[in-house]
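One chain comes next, on its own, written as structure tokens: the form predicted alone.
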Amino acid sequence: MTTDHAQEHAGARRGEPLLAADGVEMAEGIYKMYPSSHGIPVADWATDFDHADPEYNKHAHEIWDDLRERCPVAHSERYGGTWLPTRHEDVRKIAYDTENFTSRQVIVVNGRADPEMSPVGQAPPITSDPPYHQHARKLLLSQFRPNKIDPLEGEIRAICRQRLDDLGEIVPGETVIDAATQYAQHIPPAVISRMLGFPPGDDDKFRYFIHHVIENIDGSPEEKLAVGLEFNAYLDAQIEDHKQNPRDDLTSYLLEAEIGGQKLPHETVRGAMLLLLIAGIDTTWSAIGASLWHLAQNPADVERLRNDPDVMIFALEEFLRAYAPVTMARLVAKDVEIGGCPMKEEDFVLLPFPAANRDPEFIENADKFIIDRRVNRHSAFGLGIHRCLGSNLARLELRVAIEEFVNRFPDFSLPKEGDQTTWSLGQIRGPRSLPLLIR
């Protein structure tokens, strides 16, 4: 989709940005803000798409399939100008290109992060560019290797069983549970808060902060400023507590870590904690919820998992491929052409790894869930230098959560009234409410 074509169809929704340099108060690190297009219906997904529209994640697979045929790179004037490639080839090309694209900002909103924040960014290493990125990633990678993650399995299994016990009395054929709010959304927060050494009762706070960062895309500058200050104050309190009471956890590790012989600045420690909370929670609970949504409609796959546990090694990767939750973003660092589209400096580019996973030019029978798929080179954890460093933890949580659920409930389905699932808004796709009938 060329820029001229997009502007012809989308009108002038980009508008003139407000500038911090003019005295407008903005959230930390934001230097300009484009007008909100909140509530304006999408005219055409090819020329006016909006990842904050409730219909986007609900119908994402159909939208991506349509765009792949029609564009295959969609464009919107919203959020100051945004592109959406849908082919694996284009997503991969951009993800590996650190010269023409910057990771300074990975969430598409109306504001733009200050270029002065590069190459570190607000939440290193995911917002970092080379060469700093390599140092920041290496620092965290050591904490997510199998020898650190595998010992957590028993604790994760206990968390899952406790959540299932807390569902209370189940009357087969009558009881409807919400597998998202009563199960999936509690598992990753419990695990990551334990790893960071945060109070175990703060799960609701995590969900509140994550909702505002990930889903409240069109929030006003005042609202974003207020939530940003609140989030920073919470993290600052945890840092101060760990300084006074060091212990064996990730926060104390970050406080003692060094890059180039220097301890990390306070803002870098806080940014890394922000990343671990956001990336470690919303993504995994979305994958758990989407996998259960699939199983509720495919009893043969539940039976296969129960009768042939060895199939899980393939099923796990197929859940990740078919229901990958994560779309990242880049900012165009300098004018570049991708797929025949002229992308301009500071345009956003969404990288829908789930769409790349469903590209029929990349993978055979891409639109089908094949529980024992052998060849499965999916991109659920991203591509390039920013590939998810927590993939071992995500795989472990997803596997254990599914195993415990199907072992407790051998027969479950969508409610008799039909699918009542509500889906998330924004770049992380997963159920926010998932009513299931226990049969």
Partner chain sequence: MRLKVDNEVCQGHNRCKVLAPELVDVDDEGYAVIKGDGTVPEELRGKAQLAVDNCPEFALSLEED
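Predicted model only: the values in this text are computed from it and were never measured. Residue numbers count along the first chain shown, from 1.
We do not show the form predicted in complex with the partner chain, though everything after this point is about it.
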(message) Can you tell me which of 402-410, 30-38, 60-68, 375-383 lies within 4.5 Å of the partner chain in the model of the complex, counting heavy atoms only?
(response) 375-383
(request) Taking 4.5 Å between heavy atoms as the contact cutoff, choose which of 313, 171, 233, 300 touches the partner chain in the model of the complex. (result) 313
(request) Would you kindly say which of 146, 260, 199, 340 lies with a heavy atom within 4.5 Å of the partner chain in the model of the complex? (result) 146
(request) Although the partner chain is absent from this view, report whether residue 362 comes within 4.5 Å of it in the model of the complex, heavy atoms only. (result) yes
(message) So, residue 96 and the partner chain: in the model of the complex, are they within 4.5 Å at any heavy atom pair?
(response) yes
(message) So, residue 141 and the partner chain: in the model of the complex, are they within 4.5 Å at any heavy atom pair?
(response) yes
(request) Indicate whether residue 137 is a 4.5 Å heavy atom neighbour of the partner chain in the model of the complex. (result) yes
(message) Within 4.5 Å of the partner chain in the model of the complex, counting any non-hydrogen atom, which residues from 389-403 show up?
(response) 391, 392, 395
